[in-house]
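This document opens with one chain alone, in structure tokens, the form predicted on its own.
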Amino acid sequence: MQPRLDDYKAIVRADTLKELRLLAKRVEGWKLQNVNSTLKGGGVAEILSRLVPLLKELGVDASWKTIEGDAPFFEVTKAFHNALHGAQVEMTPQMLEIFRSTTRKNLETIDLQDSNTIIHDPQPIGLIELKNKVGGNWVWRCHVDVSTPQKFVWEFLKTYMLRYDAVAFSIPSYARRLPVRQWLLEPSIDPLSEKNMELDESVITSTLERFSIDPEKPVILQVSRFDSLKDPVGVIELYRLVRKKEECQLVLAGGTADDDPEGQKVLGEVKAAAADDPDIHVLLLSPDSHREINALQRAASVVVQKSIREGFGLTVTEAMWKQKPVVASAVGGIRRQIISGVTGFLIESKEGAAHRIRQILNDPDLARGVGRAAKEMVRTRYLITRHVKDYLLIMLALRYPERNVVDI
């Protein structure tokens, strides 16, 4: 069930909820609509599914809609995604026309109102064409790492960005030279969601049994979509380095998203790399396997996130909340979360990652100390209550663009 605000009293400071209710009085009844490309699969859908009901409880007329697209459209937007992350992707005129034509179809069918409108990521960015017709204030929320984007794709998408009232990025280093307002809007997790709530030990045990994972053998875990930018094949290579000196097993758990057509291809590569190793568990999970992911994270000895590029890395946040030592690539938003040696370990190579994992497996006190610090970092900065506050502040900032300070 969707929690109420009062359910967070045991987790956040009392003045946090008081502050949210105070802010909400200033925006009570205001409209806020979100648009992305999928209702399930991926961090954006997870965040919106938790955020919108809490905003409604606070009196905001909040809504969430998705665009429609076929396989060719999502292949193009996946190419956009990779290019924004810095990959050199060939974009043909035909690909751009697929994007434009699908955008035109959505412009005709989507029901948007005069409202505060937040458009998430490149897939629906073209809906800005409706701004003059619909009215309201529009924000483009970019969830990916755009610190070194491919120039052609960036310039193409920039023609849409410039028509927004503001753009929002996950970390400061993603900010770009744009003649529109730019805001920092970090992601969050919901500590009361099925993926993050406390679990009985019996649930963890039964989950391990279901997936034939040995509860007596240390577990190295990576949770992510089967996406080349998450480098799951590289995680297998890393596990084999650790395995040379330590008895352990690897779990690669994740799924695919409706708007990511590369998932099945990458999954095939992972299964080929795993070969017949009985201690490598490749788990293709459905988008609603939240309890299973929760149990796997709580059972893990070490959580890995070996991303090549990463917009933020909510799977890192989830593991930190569960007091797990995380060994992760020093990329993107992961660097905002992990203070190396304090709330986790940042790594630059497989060899460095293998060393840290062996260190954690052989030093339980180190693992516990890092885990405790990690949880407090998340409690302070990355819970959904902070995200709700950011949305309320965005609404005020859009209403009063000429003010640097809004009295409440």
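Position 1 is the first residue in the sequence shown; the rest follow in order. Everything quoted here is computed from the prediction, not taken from an experiment.
FYI, the form predicted in complex with a small molecule isn't displayed, but the following is about it.
- Of the stretches 160-168, 222-230, 242-250, 204-212, only 222-230 has residues with a heavy atom within 4.5 Å of the small molecule in the model of the complex.
- Interface residue among H120, K195, K324, K306, judged by heavy atoms within 4.5 Å of the small molecule in the model of the complex: K195.
- With the partner omitted here, the residue from G234, P149, G255, G126 that has a non-hydrogen atom within 4.5 angstroms of the small molecule in the model of the complex is G255.
- Using a 4.5 angstroms heavy atom cutoff to the small molecule in the model of the complex, all of G43, H290 and E310 count as contacting.
- Remark: D190 does not count among the residues lining the small molecule in the model of the complex, judged by a heavy atom distance of 4.5 Å or less.
- Taking non-hydrogen atoms only, C142 never approaches the small molecule to within 4.5 angstroms in the model of the complex.
- In the model of the complex, L84 stays away from the small molecule, with no heavy atom inside 4.5 Å.
- In the model of the complex, the small molecule sits beyond 4.5 Å of every heavy atom of L238.
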